[in-house]
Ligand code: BG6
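Okay, so here's just one chain, in structure tokens, the form predicted on its own.
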């Protein structure tokens, strides 16, 4: 497996410290990613993986790691030589994250590698613990970089609203410098998302069309067939707007809408993304019903199987008004995008699974074939992130035979012929942390700006007692048809071609 299409930089030997190493994220994503990275040279062979473990012996922890590998990377466990090499890199530090002595033990456990004690601290823990961990690291002297670099990785959510996001940033920045903090968003680690920048800025035919003169609107979406699974307690506090739109989809919108950066460096790219966020038109309280949609899945059938309603899920209140579908219509008030709607939407228990960016082009003011039985559809360019990652171009062509009637022709260019060539997002992002590349990570001002943009909607929705329902396994959300009624082609419902 390869790491990325960008130039691969060799990472320095590092102590990779994982808080929450016995948790689900570590088992499913982090450990398997680190194994693959070690195998293909993205992690220096002298690096150590240090797990902070509470109430378990080292033997129990190693068995947990092995069980996770058997489930998510069985090829490693089956290869005894590779498994032993991986085991040799594991170090356990016992202790509770709330106990200051744990961090002293951690400081003692850091291994000097090539004369330095470089360390990456990965917080695979609930956000409520970020402050406690950073405080413990500070008191143990583990935030300063006198004997090697120190980098802190935190997972979303980055706050629950604007106030909490500001408080979290202030707390983190009181211990670490901003350039030491890596706010990880696995969506930005997807190679197909990164490829948006290449399509935009490496193809000269795109630039003349990439503006309000030719584009009618843009829809950025994530549709899932799954429900909330085991995340009910989190989802009840979050909902689709916080979980997907404020973070993942708004980040993708900035990549689609940004101007070319002066250079491909972290701050140059993030400066252009910030310009987009600053240009987003504020939504007034009285306009929210016109620009935002929320809904919740009822019972239905998904992919041939019965699906229960959200309110029937375990740990969900039977009178919950939490949205499992959310959509927002944004406008970017600058020269390039003035008047072009950006419609971001995300839903669970939808008819099909898909994540994509759809650019719908304007229809010409006059078309020779509009009077025919089948009028030409507006052209569309679709960047599909998953499944079948790649680019889809929708054009019009003549139907075969003695006729001038037309039909839509769909041209597909897969991102990779073999999905095995595409690296996992966590491999890409952790490698970037190890090499000090912050391009794909959110800066503090980005996080706060995105919360500021959606906060009026959150405030309007927080005290509601009911929410529109849609049948699981359908696109049956009338409010979405209303939201997109003046957009050419209306609501774009993704279809997947096998």
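Just so it is clear, the structure is predicted and the values come from calculations on it, not from any experiment. Residue numbers count along the first chain shown, from 1.
There is another form of the same protein, the form predicted in complex with 6-O-phosphono-beta-D-glucopyranose; it is not shown, and what comes next is about it.
Undergrad: Only one of these stretches, 169-177, 304-312, 184-192, 114-122, has heavy atoms within 4.5 Å of 6-O-phosphono-beta-D-glucopyranose in the predicted bound form; which one is it?
TA: That would be stretch 184-192.
Undergrad: Given 6-O-phosphono-beta-D-glucopyranose in the predicted bound form, answer whether the residues 349, 461 and 474 all have a heavy atom inside 4.5 Å of it.
TA: Judged in the predicted bound form, none of 349, 461 and 474 sits within 4.5 Å of 6-O-phosphono-beta-D-glucopyranose.
Undergrad: Looking at 150, 248, 384, 360, which has any heavy atom no more than 4.5 Å from 6-O-phosphono-beta-D-glucopyranose in the predicted bound form?
TA: Selected residue: 248.
Undergrad: Pick from 388, 271, 224, 145: which has a non-hydrogen atom within 4.5 Å of 6-O-phosphono-beta-D-glucopyranose in the predicted bound form?
TA: Of the candidates 388, 271, 224, 145, 224 is the one lying within 4.5 Å of 6-O-phosphono-beta-D-glucopyranose in the predicted bound form.
Undergrad: Is residue 398 one of the residues lying within 4.5 Å of 6-O-phosphono-beta-D-glucopyranose in the predicted bound form, judged by heavy atom distances?
TA: Residue 398 lies outside the contact set for 6-O-phosphono-beta-D-glucopyranose.
Undergrad: Is there any non-hydrogen atom of residue 106 lying within 4.5 Å of 6-O-phosphono-beta-D-glucopyranose in the predicted bound form?
TA: Output for residue 106 is no: heavy atoms all beyond 4.5 Å of 6-O-phosphono-beta-D-glucopyranose.
Undergrad: With the cut-off set at 4.5 Å between non-hydrogen atoms, does residue 231 touch 6-O-phosphono-beta-D-glucopyranose in the predicted bound form?
TA: Residue 231: yes, in contact with 6-O-phosphono-beta-D-glucopyranose in the predicted bound form.
Undergrad: Does 6-O-phosphono-beta-D-glucopyranose come within 4.5 Å of any heavy atom of residue 343 in the predicted bound form?
TA: The answer is no: residue 343 has no heavy atom within 4.5 Å of 6-O-phosphono-beta-D-glucopyranose.
Undergrad: If you apply a 4.5 angstroms heavy atom cut-off, which residues in 323-343 are near 6-O-phosphono-beta-D-glucopyranose in the predicted bound form?
TA: Sequence-ordered list is empty.
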